[in-house]
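Take a look at this single chain, the form predicted alone, given in structure tokens.
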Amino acid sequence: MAALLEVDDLTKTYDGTVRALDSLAVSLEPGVIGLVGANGAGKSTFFRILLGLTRPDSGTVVVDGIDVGLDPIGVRTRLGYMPEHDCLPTDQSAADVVSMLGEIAGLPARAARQRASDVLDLVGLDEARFRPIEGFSTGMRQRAKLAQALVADPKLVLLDEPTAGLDPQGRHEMLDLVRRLGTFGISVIMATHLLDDVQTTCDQVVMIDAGRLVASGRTEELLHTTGVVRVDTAGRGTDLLAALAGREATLLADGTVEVPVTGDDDLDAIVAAVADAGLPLHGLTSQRSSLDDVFLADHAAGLT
């Protein structure tokens, strides 16, 4: 599959000292992508570069085959953007605002009005589309921002903290909308610091910290790169530790041994060690990692 986004050696500093992005390099396929990092990690700077609103010190960004540095307007015609904070005029109706932004993006007036109706229906604001935005709840305002990001039929939508300020129900509904965008052929990059949102919604993940790449890849692959196996040898945990000499392992209070694994080869090696030592194997349970585990493990590895 052709890459949707190619980033190579992307670096951006502010005031000559604050490095927002540090030699970032990543290649992403079309789909729903989670851009994960704490506040100040470089997510907003990355979006600003994608949108052509700021230039990097070095490096390149190619979106759908177009180099942002060479043709920022051409790239922007393929992008939709949902800011984190309130940005829409509140004294106008959602239908008027979204259709106006559709016209600004180049749609004829009638097509913009029809497209606005379609996307407001998609995000669940069909019945409220003629109401002033000032009367909207936080969740409705987030949906209106998503609608305006979709009105020009972009190839890629950038969502900046789309669940910010939402209650649990509103957060669930917003994430469901994000998942559905992928079924319409619209790719998404969702910037967030909430790893749970990414794990349940995105099929690809990019993790950054202090402007540096921590990890990237398909979500399922990252979740399988780390984890633990708990081995029950009927009270002979000390013997198993000896059999696993040279491998990280922990004897737990209940007598079982917990061993970090990074794939099926590690699991096979553990079973072979049990058999070679002549130990009874009463239980072997595995626990998949979470994206929190992946982030912490890769972040720690980067510090060593």
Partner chain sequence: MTATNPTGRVYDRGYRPYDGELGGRSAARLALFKASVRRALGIRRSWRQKLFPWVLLAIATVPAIVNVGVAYITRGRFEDTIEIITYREYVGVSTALLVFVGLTAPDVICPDRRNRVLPLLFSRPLTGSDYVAAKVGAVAAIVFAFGFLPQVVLFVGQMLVSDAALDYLTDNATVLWQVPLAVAVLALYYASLAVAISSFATRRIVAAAALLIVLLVTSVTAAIVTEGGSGSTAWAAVNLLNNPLQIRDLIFEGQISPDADLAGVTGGGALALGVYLVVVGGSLATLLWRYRWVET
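Remember, predicted model here, so these are calculated numbers, not experimental data. Positions refer to the first chain, counted from 1.
Below, we turn to the form predicted together with its partner chain, even though it does not appear here.
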item	value
Location of its partner chain contact in the predicted complex, chosen stretch of 228-236, 171-179, 72-80, 208-216 [non-hydrogen atom, 4.5 Å]	72-80
Heavy atom of L51 within 4.5 Å of its partner chain in the predicted complex	yes
T90: touches its partner chain in the predicted complex, heavy atom cutoff 4.5 angstroms	yes
Close approach of Q114 to its partner chain in the predicted complex, 4.5 Å, heavy atom	yes
Proximity of F184 to its partner chain in the predicted complex, heavy atoms at 4.5 Å	yes
Listed residue that, although its partner chain is not shown, lies within 4.5 Å of it in the predicted complex (heavy atoms), from D121, D196, D167, E220	D121
Selected contact from L150, I133, I189, L125, since only one has a non-hydrogen atom within 4.5 angstroms of its partner chain in the predicted complex	L150
Residues within stretch 87-107 having a non-hydrogen atom within 4.5 Å of its partner chain in the predicted complex	C87, L88, P89, T90, D91, Q92, D96, M100, L101, E103, I104, A105, G106, L107
